[in-house]
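The chain that follows stands alone, in the form predicted alone, written as structure tokens.
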Amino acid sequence: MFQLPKGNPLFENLAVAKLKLTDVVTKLANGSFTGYASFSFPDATGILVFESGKLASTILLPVQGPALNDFEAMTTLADLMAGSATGTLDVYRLSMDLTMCVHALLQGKALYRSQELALIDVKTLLERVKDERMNGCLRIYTDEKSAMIFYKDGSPLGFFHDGAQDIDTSPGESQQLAQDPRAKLDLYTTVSADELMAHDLLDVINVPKIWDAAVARQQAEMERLNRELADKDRMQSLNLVNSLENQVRAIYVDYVGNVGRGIIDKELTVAGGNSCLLDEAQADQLLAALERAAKLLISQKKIAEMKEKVTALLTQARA
């Protein structure tokens, strides 16, 4: 995304994971804030533009896909905040006129977009901006650089280029970029600052309700993931204990013969099922019962060999 003028930083690099969207919006609205709040995530950037505490615009710019505005943008921003551990928040105070221009850049009417500068009569275009007393932003850019000229009532407020912290009064960077044969141009216009202030998105967007719904969705998703993880753990445990039973059964039958199958079944039932194989104390009791039954069928030496193999198998499984 193109860079925006930072102006006077109110907050920078705040961890979104520690914030609530309702608190951020309420603080800026009650403080009659003018400027913008930028929420940065790995896959998207959300921007809230305020004029004297009124929410003038909300936009969410995904790394891929179309931009979202107003209610959709706020809803998606809430979901990102509720589920993110890596997002950051920057808040910059700007003048009312410059905030109006930023609004134009983000959500204004596009008179020109991705127009090759070489095909534009720039002088005539600037005369039109002046004659029609336009409010907005003229953006000149290549794949590597960009510069912006902000206008109020057809007169330039100042110049901004990538890497700058604030507005410049010199058009040097813009003029140099305009000479690049690869340069393109965007021109966005908007209403005056007074008209912009006549509308407040907070009158129609219920931020607390959106935030509560996002938190509920996040909690439901976490519960679903926890259930899936628990089910996966149970299945892995079940598969492990069934495998252990089969291996113990094979060792026992190998030493005492087919009669061992019935002995195993009986002793597992007494022990409460094959889950006892994962508990050291219960497994020792089972092994002792199997040993007692085997004394009538095989020698003590064979019993010792069998016991050693079973013990090693269970010890490895519990490691």
Partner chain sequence: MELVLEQLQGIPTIYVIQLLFWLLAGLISFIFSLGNARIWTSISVGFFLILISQFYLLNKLIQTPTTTAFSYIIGTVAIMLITHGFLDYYVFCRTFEISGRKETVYLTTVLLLALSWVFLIINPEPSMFTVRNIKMVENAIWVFLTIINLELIRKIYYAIRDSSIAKAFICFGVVFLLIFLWKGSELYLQVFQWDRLWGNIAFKLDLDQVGAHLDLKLDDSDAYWRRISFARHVFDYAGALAAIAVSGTFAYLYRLLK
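Think of the rigid core as the biggest set of C-alphas that the two forms share within 1.5 Å after superposition. What you see is a predicted model; the values in this text were computed from it and never measured. Residue numbers count along the first chain shown, from 1.
Keep in mind the form predicted together with its partner chain is missing from the figure; the text below concerns it.
Across the proposed site, V122, R133 and P156 without exception lack any heavy atom within 4.5 Å of its partner chain in the predicted complex. Of the heavy atoms in I263, some are within 4.5 Å of its partner chain in the predicted complex. A residue is said to contact a partner when one of its heavy atoms sits within 4.5 Å of a partner heavy atom; V256 meets this definition for its partner chain in the predicted complex. R292 belongs to the set of residues with a heavy atom inside 4.5 Å of its partner chain in the predicted complex. Although the partner is absent here, L10 lies well away from its partner chain in the predicted complex, with no heavy atom inside 4.5 Å. In summary, the region of this chain contacting its partner chain in the predicted complex, judged by heavy atoms within 4.5 Å and restricted to 279-287, 31-39, 263-271, 51-59, corresponds to 263-271. If you take 290-304 and check each residue for a heavy atom within 4.5 Å of its partner chain in the predicted complex, you get R292, A293, K295, L296, L297, I298, S299, Q300, K301, K302, in sequence order. Put the two forms on the same core and the Cα of R249 is off by 2 Å or more between the shown form and the other one.
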